[in-house]
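Just the one chain here, the form predicted on its own, laid out as structure tokens.
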């Protein structure tokens, strides 16, 4: 059997949950905790923290760079393969020689994580939703919530509203979120010159975001070559600590988010940034960050989606800071 194959226990444990093994990593859960083991150590997370992070890692297809579930466990995307690590980006674990990294084909790790998410997510829990909008993940196994965990990330080919990208959330299946009841739903008046009706479009971004039923899950609303506008709604805490492999721009559209910024390799604190509506910030390519949003807010994440950036940064041919003061 390949080290990359998914291995499920043949029988659920006393709480009704299966365990999963990939390579030298083993994952198990009980009524309250997710438990991870590897050749040099073990780690325990509250299962709600683990499932919310696992959901993003699956939905984002391992995202750009590093997805830290917490200060110990996470993944690094090499765009074709993925590192699964324990303690690699934690200075204390490295000094104690408890860290461990194993590389997998992206598809093998993705399928393992998807199977784990399916088995460990109970029927009333939605790991994509804010804590105020979902049930509890705790207790013995009780059904599943496949429709919630298999939501597709919205990604426009050109821009929301143009032919082929009609993804405005205006129907009854996407009601206005409780936090955005005051957001205007008016759409802009667009008068295109004859012959350009399929080339010119506009939409109300605030109305679009007001109908989002997920948190901390950027959707792609416009694409211009490798420039991606990825807005999202945020409430409570970003379920992962994102480690950048490129510069990432943030535009705070409403309310407030506090960002805790750490060194990407060691986890040492680097900065605390409070962004209010209208603020713009850039996260450098060598840090990791986690956001705290006391009220549901709107954030525009501006990404350079070039697959060449990690290689160019590693070779010193692209900057890790947006401005050299």
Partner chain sequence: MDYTTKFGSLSSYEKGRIDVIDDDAKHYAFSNIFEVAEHAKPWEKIAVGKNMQYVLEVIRAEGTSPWRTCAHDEFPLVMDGQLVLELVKLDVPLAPEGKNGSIAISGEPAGKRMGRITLRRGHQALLPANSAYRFHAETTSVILLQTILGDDTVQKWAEICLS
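None of the values given here were measured: they were computed from a predicted structure. In this text, rigid core is short for the largest set of C-alphas that superpose within 1.5 Å between two forms. Numbering follows the first chain given and starts at 1.
There is also a form predicted together with its partner chain; it is not shown, and the following applies to it.
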Pick from 45-53, 58-66, 27-35, 255-263: which stretch has non-hydrogen atoms within 4.5 Å of its partner chain in the predicted complex? 255-263
In the predicted complex, does residue 279 have a heavy atom within 4.5 Å of its partner chain? yes
In the predicted complex, residue 125 touching its partner chain (heavy atom, 4.5 Å): no
In the predicted complex, residue 221 touching its partner chain (heavy atom, 4.5 Å): yes
Hey, in the predicted complex, is residue 204 touching its partner chain, heavy atoms inside 4.5 Å? yes
Is it the case that 100, 154 and 240 all touch its partner chain in the predicted complex, with a non-hydrogen atom of each within 4.5 angstroms? no
Go through 187-207 residue by residue and record those having a heavy atom within 4.5 Å of its partner chain in the predicted complex; state none if no residue qualifies. 187, 188, 189, 190, 191, 192, 193, 196, 199, 200, 201, 202, 203, 204, 205, 206
At a 2 Å cut-off on C-alpha positions, does residue 24 qualify as shifted between this form and the one not shown after fitting the rigid core? no
Once you overlay the rigid core, does the Cα of residue 313 travel 2 Å or further between this form and the one not shown? yes
